[in-house]
Structures are given as C-alpha cells and as structure tokens.
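One chain comes next, on its own, written out as structure tokens in the form predicted on its own.
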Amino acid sequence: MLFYSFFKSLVGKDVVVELKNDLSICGTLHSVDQFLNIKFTDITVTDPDKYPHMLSVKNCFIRGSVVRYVQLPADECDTQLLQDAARKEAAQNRQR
C-alpha cells in the first residue's frame, strides 16, 4: 500500500509513464487505484512520429500491469520520506 498512497499524493501532477510496449505518455495524473491502474488527462505522447494514432487521444486509462516505469516530478518526490515509510512497512511485515 506504500506505492498506492504515494501515487495518490501525486494526483493533479504531471507524470510520464513508460509502458512495456515502449510507448511513453506524459499527462496529468487524474486517479490511481489499489492495482496501480492509472487515469490520465491532457495526455501527450513523447514520440508522436512513432505513434501518430495517439495524437487525437486526450484522456486514457492505463492498466497497472503494462507499466514499465513512472517518471515523477523531482520536486514532488521526497526520497527521505519514502525510505522511512518503506522501512516502517518492512518492519511491520516482519512482525506478522
């Protein structure tokens, strides 16, 4: 649930998602669910020459299992907070 909570805090921010089929989509994060499925608004494709059929698409839904990378805005990512939360979650899982 750590990543789900983190992505929920990025709603409304611009992020880039690279899919497993090498398509990279930049857009405003509209919502994310517990399966890390992502909804985007105002999308653009980083390589429109390779994917001209995507030029007319403005909103999209991306299934979490097809995501390779998510590029986050540097000013929105607090790495110290993420590391602390990951350690806390790992400690809780060890106690179970």
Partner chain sequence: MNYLPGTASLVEEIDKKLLVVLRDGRTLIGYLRSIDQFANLVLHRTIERIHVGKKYGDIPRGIFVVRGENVVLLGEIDLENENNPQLEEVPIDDILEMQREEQIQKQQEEERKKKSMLERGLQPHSELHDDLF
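Residue numbers count along the first chain shown, from 1. A quick note: this is a predicted structure, and the numbers were derived from the prediction, not measured.
The same protein also has a form predicted together with its partner chain, omitted here; what follows describes it.
Asker: With its partner chain left out of view, which of Asn37, Thr46, Thr28, Gln71 would have a heavy atom within 4.5 Å of it in the model of the complex?
Answerer: By the 4.5 Å heavy-atom cutoff, the listed residue in contact is Asn37.
Asker: Taking its partner chain as it sits in the model of the complex, is Tyr4 near enough to touch it, meaning that at least one heavy atom pair lies within 4.5 angstroms?
Answerer: Close contact exists here: in the model of the complex, Tyr4 approaches its partner chain to within 4.5 Å, heavy atoms only.
Asker: Look up in the model of the complex whether Arg87 has a non-hydrogen atom within 4.5 angstroms of its partner chain, and give yes or no.
Answerer: No - in the model of the complex, heavy atoms of Arg87 and its partner chain never come within 4.5 Å of each other.
Asker: If you check in the model of the complex, is Asn21 within 4.5 Å of its partner chain, heavy atoms only?
Answerer: Yes, contact at 4.5 Å.
Asker: What residues of 66-96, in sequence order, lie within 4.5 Å of its partner chain in the model of the complex by heavy atom?
Answerer: Read in sequence order, the lone residue that approaches its partner chain (within 4.5 Å, in the model of the complex) is Val66.
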